[in-house]
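Shown below, as structure tokens, is a lone chain in the form predicted on its own; questions about how it binds or moves come after it.
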């Protein structure tokens, strides 16, 4: 088997997905922003879960609707909606997270451009005895809403979707493990685009690509001991620009806590007889977000353990500007890491396409500091 040719074909397909401005035609698409949205339910209802992750776009209309101190994800997504670039979506799902996203939901609904609009109310205080049953009731309400639009979601179809998304998470875990061992020789930018594509394309086809990729890279891997292992944490989704800058500086991302990456892989959905209970289990315990409270030490301890297990020599915080929830957490996380002798670098970004030259210099200086003497 020609693995080089197979890899080239995979890269070509991923690039086509990322660069396309149109949605796949196999399924009706529903947009979402947050990994707390149960994609399995959308998929079982016959929809393509299509994650809105922000785009490089000139802001010309959004200023009339939002204040300047909103993150790029909120502003660029509304700009795309106002321009009509998202009209091919059948609807959108919002979750109860930050103030800006909740405000965006109201503004979005007021535009009346999409036929489906749903607010999934995720509890914030996860230590409350009422939080878990509340979440299960919300997931059931979401299921009922989807069924009112698309027909009944059978237990069989939901279990099949759960299995599909679990297999995707398993393959992604394998890819992360190979990267951590420095056995995965893929350009950093392409790896970021690979993860991004997994939120946009048909998931069965995506699983096929991951299987092909794993089959190829495990046979042709070569270790590169010169790359400095670093860890990424923050609220940004995978952007090839930053991953490429890190690679150019002589480092490799062995693990991340970004809300589009390894943070979402910590737990599978249990494949038990009650799929609704299984979804509740995963989405109640699967990952930490500063908009969800489980105790002031929970995120610190999870991050410390993850960084230490990854073997990273330093941590880069990649944060959208104006994200209060993450910035409230940042000082404690930085102090905890540095108390363990783990250097950190904060990159706060207003527009992902701007200031790359300045960020490149900062990343290079940070990586040089991580080199052993």
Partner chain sequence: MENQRQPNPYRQIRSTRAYRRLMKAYYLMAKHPRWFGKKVAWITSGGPVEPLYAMGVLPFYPENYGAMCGAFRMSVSLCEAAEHRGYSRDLCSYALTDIGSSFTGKGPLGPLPKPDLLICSNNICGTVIKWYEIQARAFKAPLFFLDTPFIHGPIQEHTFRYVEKQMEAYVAFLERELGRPFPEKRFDRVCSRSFEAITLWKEILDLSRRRPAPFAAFDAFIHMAPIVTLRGTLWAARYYRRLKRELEDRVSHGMGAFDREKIRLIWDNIPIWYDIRNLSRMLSSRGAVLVADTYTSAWSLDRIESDQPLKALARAYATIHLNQGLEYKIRKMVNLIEEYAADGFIMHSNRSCKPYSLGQYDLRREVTRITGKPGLIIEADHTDSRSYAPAQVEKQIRTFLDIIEDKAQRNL
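Numbering follows the first chain given and starts at 1. Note that the structure is predicted; figures quoted are calculated from it, not measured.
There is another form of the same protein, the form predicted together with its partner chain; it is not shown, and what comes next is about it.
Although the partner is absent here, residue 103 is a contact residue: one of its heavy atoms lies within 4.5 angstroms of its partner chain in the predicted complex. In the predicted complex, none of the heavy atoms of residue 27 sits within 4.5 Å of a heavy atom of its partner chain. Taking the partner from the other structure, its partner chain in the predicted complex has no heavy atom within 4.5 Å of any heavy atom of residue 340. Its partner chain is not shown here, and in the predicted complex it never comes within 4.5 Å of any heavy atom of residue 152.
Taken together, 124, 131 and 138 are fully in contact with its partner chain in the predicted complex: each brings a heavy atom within 4.5 Å.
Heavy atoms within 4.5 Å of its partner chain in the predicted complex map, among the stretches 330-338, 44-52, 302-310, 28-36, onto 330-338 alone. Among 290, 229, 189, 250, the residue placing a heavy atom within 4.5 Å of its partner chain in the predicted complex is 290.
Contacts between 51-83 and its partner chain, taken as any heavy atom within 4.5 Å in the predicted complex, involve 63, 64, 65, 66, 67, 69, 70.
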